[in-house]
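Okay, so here's just one chain, in structure tokens, the form predicted on its own.
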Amino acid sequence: MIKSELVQKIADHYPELYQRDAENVVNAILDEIADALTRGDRVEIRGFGAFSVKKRDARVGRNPRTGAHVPVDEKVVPVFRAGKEMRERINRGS
């Protein structure tokens, strides 16, 4: 599912809500999650999961085409961990 499909489902589920309002809500939620992660905060949505950031140290990588060693800078990456209810719901569905 992509963001526009999510907006459409929300607008369909709540007919009193205009599609542009549903889009504003989705954008506001995603922006707040991104802002919190940028600050290094953890975002937890009970029953869904938790977003956090993890630091990856600098290392020496390898170019797969040439085999040459390449320095890889340190970086911070977003991490998502599914909540208990989400894991149970996914496992029930399979």
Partner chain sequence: MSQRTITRAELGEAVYQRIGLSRTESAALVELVLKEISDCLAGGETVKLSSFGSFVVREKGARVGRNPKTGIEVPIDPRRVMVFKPSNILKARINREGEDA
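Remember, it's a predicted structure, so these values are computed and weren't measured experimentally. Residue numbers count along the first chain shown, from 1.
What comes next is about the form predicted in complex with its partner chain, which is not displayed.
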Can any non-hydrogen atom of Asp31 be found within 4.5 angstroms of its partner chain in the predicted complex?
-> yes
Does Lys84 reach its partner chain in the predicted complex, with heavy atoms at most 4.5 Å apart?
-> no
Does any heavy atom of Arg39 come within 4.5 Å of a heavy atom of its partner chain in the predicted complex?
-> yes
Any non-hydrogen atom of Arg46 within 4.5 angstroms of its partner chain in the predicted complex = yes
